[in-house]
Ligand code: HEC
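In structure tokens, the next block holds one chain alone, the form predicted on its own.
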């Protein structure tokens, strides 16, 4: 089971008070391991479970029995990567392919057909399922190869600064079950960071609904995605995933194990084999991850702390004010309440229309093809430290935070336009502020 309400409240309190402390209570990890730190106060059995879960997160799974790693068998038959950490690099973001010839490594392609399934979610393709899986165990055939073709365009800011933006065109090769239909809905997704999720799970559905009802400037709306909860068998507010399409951390992790690695759990039974995928079916069933390992994995992810913000100098302080003044904080709101504790997460966890340029055309429960969940910004200043290549937005198209901001449209267009009109000095101050998060 996931963290109890009481345990989560204790951890939230410890984290919040430690972030505010200036006496060295928290070790400010600012190197490559910045996203791998436990929440303050994890001791005894809780810390041992956290460490055990770290091993599960990093374990490379195999198809069949192994003398060296007998626990981690049952990979596939279809999969994208062999371990959690292979996609969530350093517990951070994935990276898109650099060239058309490069294979995707920490990015996947979601698929669906028009309409909805029985629970109101995306309707999977009968042969390829809901994502292209680019690898397979012996006896099964990969569904295809995926790469990107980058299309670049230039933008000029108000002070004359030129910025080169790029967007990906998905390239599919060697499709195992024939071409995809013209009406297929495809969405490229890089792996998101996994720290701080246990804290965000403490944000109540009532809080999400209240934020969605608030009147905001610039016609910023925001709404809750109502998604299917497998355990409760009902629609509840979503908060995890790029479109807020998962209601709980437990369900998010179970779905990732099944979809990305072909690892089943007691929570989600059944192989990720579409009905028409004969090779996949003939490869055999996937053993379940042991309940103890699944529990340790959930507790590990729930126990990962977001890096505390770094000190702000006078320039970053100007940037923080600018961030609020131009409208960024309408969606990336500085604080959220979670079980009585205030989190400096810089998100509202709501869906927002981000315009046509960022649209993937793929609905997900109530989320339209133009809507995305506001991603938390805590820890964003360390992306380039944790990852070899900085990549932002859902498909990794943005190489810098400036590029990421300039792709904003829809509800975020007024804030984007104000950013583009800033002087270089003020714009750099805003970016300096983001670097402290």
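Positions refer to the first chain, counted from 1. Bear in mind that the values here come from a model prediction, so they are computed numbers and not experimental data.
Below, we turn to the form predicted together with this ligand, even though it does not appear here.
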query: Interface membership of residue 39, this ligand in the predicted complex, 4.5 Å heavy atom rule; finding: no
query: 4.5 angstroms heavy atom contact with this ligand in the predicted complex for residue 95; finding: no
query: Partner contact for residue 223 in the predicted complex: this ligand, 4.5 angstroms, heavy atom; finding: no
query: Close approach of residue 252 to this ligand in the predicted complex, 4.5 Å, heavy atom; finding: yes
query: Position in contact with this ligand when the complex is considered in the predicted complex, options 390, 54, 377, 34, heavy atoms within 4.5 Å; finding: 377
query: Listed residue (227, 146, 343, 301) with a non-hydrogen atom within 4.5 angstroms of this ligand in the predicted complex; finding: 301
query: Joint contact, 88, 352 and 404 to this ligand in the predicted complex, by non-hydrogen atom at 4.5 Å; finding: yes
query: Region of this chain that lies against this ligand in the predicted complex, out of 203 to 211, 116 to 124, 242 to 250, 161 to 169 [heavy atom, 4.5 Å]; finding: 242 to 250
query: Interface residues of 178 to 216 toward this ligand, as seen in the predicted complex [heavy atoms, 4.5 Å]; finding: 189, 190, 191, 192, 193, 194, 197
